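One chain comes next, on its own, written out as structure tokens in the form predicted alone.
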Amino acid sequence: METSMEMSPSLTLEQMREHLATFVTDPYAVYQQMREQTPTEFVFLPAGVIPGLDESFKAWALMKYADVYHALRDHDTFSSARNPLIEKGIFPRLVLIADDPPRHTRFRRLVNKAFTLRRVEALEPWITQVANEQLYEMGRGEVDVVQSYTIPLPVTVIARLLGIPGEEYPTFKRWSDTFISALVSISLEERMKNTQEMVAYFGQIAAARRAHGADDLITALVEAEVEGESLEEWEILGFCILLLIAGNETTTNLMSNILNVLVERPALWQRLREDRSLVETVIEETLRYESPIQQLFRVAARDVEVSGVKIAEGDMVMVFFGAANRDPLEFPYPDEFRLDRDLRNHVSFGMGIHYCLGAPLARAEAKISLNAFLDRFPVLKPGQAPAVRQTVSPIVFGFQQLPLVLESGRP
């Protein structure tokens, strides 16, 4: 079956990357076209599109809300651990995300306490202070809010939780971008170099915490025991890498998407300034409307039938969060941004045992940030420079550049 997600083998590698980048920046027309045809098998990684990838990879696309919802909750059938892309070294393994029970259960129990609602609420005054400091440093006029705010704030917050210097956020962001990138020409050597830098950095921090503990997450990992056994070094480093990457990518893209939605809706901006009870609804509707995580892999652990289609054991499955969140059977008029929806069941943070560990923190950062912008800026306007969507990875949906004109209304 030919779809706009398929690519002719006659295309050059550069044309393939451009085709994929176009889909990444605006996937919703494709979702609308394909949703009712899914599950359908498609080539999601053509041979050569990633340096070192010498074969094509196919997966079954799940785009209907019901199919996505059930796949996310059925971790026995749809495995997170049995991923050939990881086994072949194309993508690195992330603990928790690429684990199934019982290993996932043990690890999740270990870090859950670091992201409880109570712990997040205790951090909120400090996050508010950091948010206001960054807004003050941004100044007024035309500002790229991605580089000036939506990148540094989440990285600073996750750095504090880990117990590492937040001012090194440009390096952390480079590591993160390289880690998730799939559609840019980064050599395997460059990917390996960045990964080795990350591992060496966290290895030094872990060693320091063993010698002198601190009140941070890395100390908790170093001192933790799971069923009477300490974590191995690679497990500790894997946790650090996971938390650094997942802790900034989702929140950076969520906050950028919120500001982009609102700059296109000046009447809604004014309504929010007058009625802050709508802030959380706007955040949840943005999560549905422009999901910061668009897709993740699973592998069928056994033969299964989905919407009348048979998927064989061992087949790769692509679960499209963004498509499910715009399924008209679950969310009427899905391409409209509305505040009168029941948003309890959007899948932007997943479902089941892999529900996003950092969801409470991401929501808190988004709420604090949106209120801080509303307090400071009576009007939000688009900048003269163009907004640029990220194109390095089909997994995330957000901005590489989002210029806004910020005027405080004060002399």
Ligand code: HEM
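Note that residue numbering follows the sequence shown and begins at 1. Since we're looking at a predicted model, the values are computed, not measured.
Keep in mind that the form predicted in complex with the ligand is not shown, yet the notes after this line are about it.
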| item | value |
| --- | --- |
| Distance check, H354 to the ligand in the model of the complex, heavy atom within 4.5 Å | yes |
| Exercise: S369 in contact with the ligand in the model of the complex, heavy atom 4.5 Å | no |
| is_contact(L361, the ligand) in the model of the complex, heavy atom dist at most 4.5 Å | yes |
| Heavy atom of F115 within 4.5 Å of the ligand in the model of the complex | yes |
| Y69, F373, F57, F349 - the one with a heavy atom within 4.5 Å of the ligand in the model of the complex | F349 |
| A246, V222, I127, I205 - the one with a heavy atom within 4.5 Å of the ligand in the model of the complex | A246 |
| Listed range touching the ligand, judged in the model of the complex by heavy atoms within 4.5 Å, from 304-312, 250-258, 325-333, 133-141 | 250-258 |
| Residues from 95-128 in contact with the ligand (non-hydrogen atom within 4.5 Å) in the model of the complex | L96, I97, H104, R108, F115 |
